[in-house]
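Heads up, the chain below is alone and in the form predicted on its own; it's given as structure tokens.
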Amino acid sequence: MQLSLEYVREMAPDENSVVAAQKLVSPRLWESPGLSETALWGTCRGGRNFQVRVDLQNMGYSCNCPSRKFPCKHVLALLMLLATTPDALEVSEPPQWVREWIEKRRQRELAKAEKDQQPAKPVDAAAQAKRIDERELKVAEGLKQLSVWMDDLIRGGIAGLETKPFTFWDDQARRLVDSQAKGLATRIRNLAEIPKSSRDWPQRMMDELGQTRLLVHAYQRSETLSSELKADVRQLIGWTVSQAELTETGEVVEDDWFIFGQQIKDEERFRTQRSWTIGRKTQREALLLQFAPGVQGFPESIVPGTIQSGKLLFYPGTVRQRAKYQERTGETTCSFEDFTFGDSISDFLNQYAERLAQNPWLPTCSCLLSDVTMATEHGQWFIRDQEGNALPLRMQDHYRLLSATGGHSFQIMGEWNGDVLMPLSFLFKGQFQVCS
């Protein structure tokens, strides 16, 4: 298995874990490190010896150290050893303690798959309907209060919003949380970041307020919407899709999936992982979301730059973008060159416009373009295609991307929010690299 240090860094819970792991990347600190088609293992020497195991089929891992960070420094160090010094690993059959762990993982995966295929247990329909009705009343009251608040805000004008404290937005968001409209609460909190963030912030504020008002209006008239658009609106308000509903209305797509980008964002009490992927045969793009409380690890290991065969289950909606793994069958032998990228920025923007026509609240979408170069004008960086069209970039280190590509054309993969492109990774001369 080919692995780079960039992949390993993306797996780390924080930069301190990376620094700690780098101190353990030495063959002399590992006892009997080994590698097979299915597993990677080794015992890290120290005050105590810790056994480390990695399932190469889905990048699951295990270490018997007491660390509360996932993956711990020992797992990261063993992966770094594979990336930097693969000859230090003996290619052999896994020892018993690794085989037993792998077998238990396969049994759990099989049991989970069988459980997912079993019909759901009968529910108390009357009690469920009562809970839904009670929540509908709470949400309706919350939206009514929000509409009054927004109308007052617009009548008073937005000129003084840059002087408002965060509590001005947070108090309203908390009321929406109490009304069980968490999705709307997040939108209101995000409004607090707009004032004074750029020269055109008043226009951006009006756009966001207009979209929020439109969302409230759509929810209040949800009986007139199509089933797909209704599903979009309810999810944006804060309703979750149950497993039964997802199984019934979701779409299963089997393909070889290239994980081309990932972001991890720290919220108040949990972390969110956003991973973008594209299918080799179907060219379907998908957003995989995972959530983890505190510093705990995410349920599944999803590593940028890897290509995995399997089935994705897409959530209901007009633009079926969000998905989750239904089945993972391991890495494939295909390469990055087997995936198709767009050649024209104008074609991409036309596709984006079509998606917005279906879902006007679409926050972001993926963007994959080939044969682009970097350009700058008046301090703003862009990517430019062969037709001369350009998209503005937003990233921390533009010069790193410029130096890595040397001013030559490359393939870029990122996330577009309608205003700017946030690069997530790029391919240059067949080499995959994560953007900083």
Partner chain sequence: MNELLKAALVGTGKHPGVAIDESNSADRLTIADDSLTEESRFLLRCGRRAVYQRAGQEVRSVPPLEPAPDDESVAWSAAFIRTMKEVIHTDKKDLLPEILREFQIHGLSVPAILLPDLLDLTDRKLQTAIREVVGKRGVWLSEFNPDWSWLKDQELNAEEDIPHLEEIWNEGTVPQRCRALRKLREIDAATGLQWLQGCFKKEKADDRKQMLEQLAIGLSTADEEFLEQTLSDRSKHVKVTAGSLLSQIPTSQCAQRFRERGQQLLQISSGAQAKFRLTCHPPEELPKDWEQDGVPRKPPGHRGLRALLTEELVERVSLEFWQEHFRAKPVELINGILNDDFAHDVITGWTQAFVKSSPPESETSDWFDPLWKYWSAMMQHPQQNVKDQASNFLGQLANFTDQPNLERSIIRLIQSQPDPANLPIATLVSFVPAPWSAAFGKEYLRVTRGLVGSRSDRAVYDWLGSLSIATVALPKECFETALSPWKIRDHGVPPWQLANMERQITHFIERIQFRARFYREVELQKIS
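Predicted, not measured: the structure shown is a model, and the values here were computed from it. Numbering follows the first chain given and starts at 1. In this text, the rigid core denotes the largest set of C-alpha atoms whose superposition between the two forms falls within 1.5 Å.
There is also a form predicted in complex with its partner chain; it is not shown, and the following applies to it.
Annotated contact segment (heavy atom within 4.5 Å of its partner chain in the predicted complex): 361-369, selected among 68-76, 361-369, 332-340, 283-291. Its partner chain in the predicted complex is not approached by residue 4, whose heavy atoms all lie more than 4.5 angstroms from it. Contact check for residue 10: a heavy atom falls within 4.5 Å of its partner chain in the predicted complex. Residue contact with its partner chain in the predicted complex: residue 105 places no heavy atom within 4.5 Å of it. Residue contact check for residue 130: none of its heavy atoms lie within 4.5 Å of its partner chain in the predicted complex. Listed residues 264, 177, 150, 241 were compared with its partner chain in the predicted complex; 150 is the one with a heavy atom within 4.5 Å.
Residue in contact with its partner chain in the predicted complex (any heavy atom within 4.5 Å), chosen from 352, 168, 270, 97: 352. Proximity to its partner chain in the predicted complex holds for all of 376, 400 and 431, with the criterion being a heavy atom within 4.5 Å. Shown here without its partner chain, the chain has 374, 375, 376, 377, 378, 381, 382, 384, 388, 389, 390 in 367-395 lying with a heavy atom within 4.5 Å of that partner in the predicted complex. Once the cores line up, the CA of residue 197 ends up less than 2 angstroms apart between this form and the one not shown. For residue 402, a C-alpha deviation below 2 angstroms is recorded between this form and the one not shown after rigid-core alignment.
Here residue 417 does not count as shifted, since its C-alpha moves by less than 2 Å between this form and the one not shown after the core is aligned.
A change of 3 Å or more separates the two forms for residue 84 and residue 304: their C-alpha atoms lie farther apart in the predicted complex. Compared with the form shown, the residue 8-residue 416 C-alpha separation increases in the predicted complex, the change being 3 Å or greater.
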